[in-house]
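Just one chain follows, in the form predicted on its own, and it is written as structure tokens.
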Amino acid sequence: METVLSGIRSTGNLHLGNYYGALRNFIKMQEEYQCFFFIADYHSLTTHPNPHEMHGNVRNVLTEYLAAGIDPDKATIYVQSDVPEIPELYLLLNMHAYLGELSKTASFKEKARKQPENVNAGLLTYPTLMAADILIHNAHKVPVGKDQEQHLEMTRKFARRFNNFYQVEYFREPAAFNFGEDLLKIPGLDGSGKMGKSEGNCVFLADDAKTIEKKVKRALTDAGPTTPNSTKPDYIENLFTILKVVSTPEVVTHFEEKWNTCDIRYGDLKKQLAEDIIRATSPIRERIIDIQNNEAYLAKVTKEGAEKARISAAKTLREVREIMGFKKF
């Protein structure tokens, strides 16, 4: 059975971009593949999060993974820092990762621009840690958004480099996994690009109805089209993109026609969009409320998940160490 791996940074609540970008497909994957889902708390350290908030953030993401439909009896779900084999493989892979290639990644350049006072080594070697996350289970496939495709390509490069340097065929070159569809990128409500917590343009899965209505109401719009069948500006196209993933085709067609005839009322569009987001997220929010206070269940899930993940991780690390020349006396 092929192995699929996916993770998400532990920087707080999950949002629509997470759900429609990948989470929704996880339910399908765990039925057909050997799946590893992990909460990437080590990755979050590049932004120096408040240590008093770390555990709560991990807890939020774990709760929402489970509420979204990940079944720990069918898949392995674990916290990254509970698997010590990952940082050791990260160390070993860093010996074959080079400054030039790491500093040229789009994510590093963007983060360095946004946080010039905190261009740390972890930020530079972020792709290597991501590669360790994937290669520790020698995964066949990885669900990624468009913004992570470069990191996945670097993982393939590191796998090839390791195999070539040590003249082995050990690591697989993992492929992007998207169920045969284009990799989906959910835009933010502010018209500035993808939906993300740091951008402040999210609808979170845990948001209640009033919060969602307020957020959608504030979404960027304009005076409306003046020419029939005109091209939508990006910030309007973003609203239609979200509409397409939460609404029925009939609703989408209705508002497309209103746009093309210059008869669209953004108030009506936002009202419908908010209603459809609420309908899509309410079942998840209800499960979040049920799970989040069940400490015994959360502890059981993470303990058993770490145990299962470490079986796979320990095997990989032992074999990698042997290939690299580390032998026990």
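Note that residue numbering follows the sequence shown and begins at 1. Just so we're clear, the structure is a prediction, and the values are computed from it rather than from any experiment.
Note that the form predicted together with a small molecule isn't included here; everything after this is about it.
Contact with the small molecule in the model of the complex holds for all three of Leu5, Met130 and Gln148, each having a heavy atom within 4.5 Å.
Residue contact check for Phe37: none of its heavy atoms lie within 4.5 Å of the small molecule in the model of the complex. Contact check for Tyr126: a heavy atom falls within 4.5 Å of the small molecule in the model of the complex. For Val142, a non-hydrogen atom is located within 4.5 Å of the small molecule in the model of the complex, even though that partner is not displayed. A residue is said to contact a partner when one of its heavy atoms sits within 4.5 Å of a partner heavy atom; His43 meets this definition for the small molecule in the model of the complex. Of the listed positions (Val203, Ile77, Ile134, Val83), a single one reaches within 4.5 angstroms of the small molecule by any non-hydrogen atom in the model of the complex, namely Ile134. Heavy atoms within 4.5 Å of the small molecule in the model of the complex belong, among the stretches 158 to 166, 245 to 253, 223 to 231, 134 to 142, to residues of 134 to 142.
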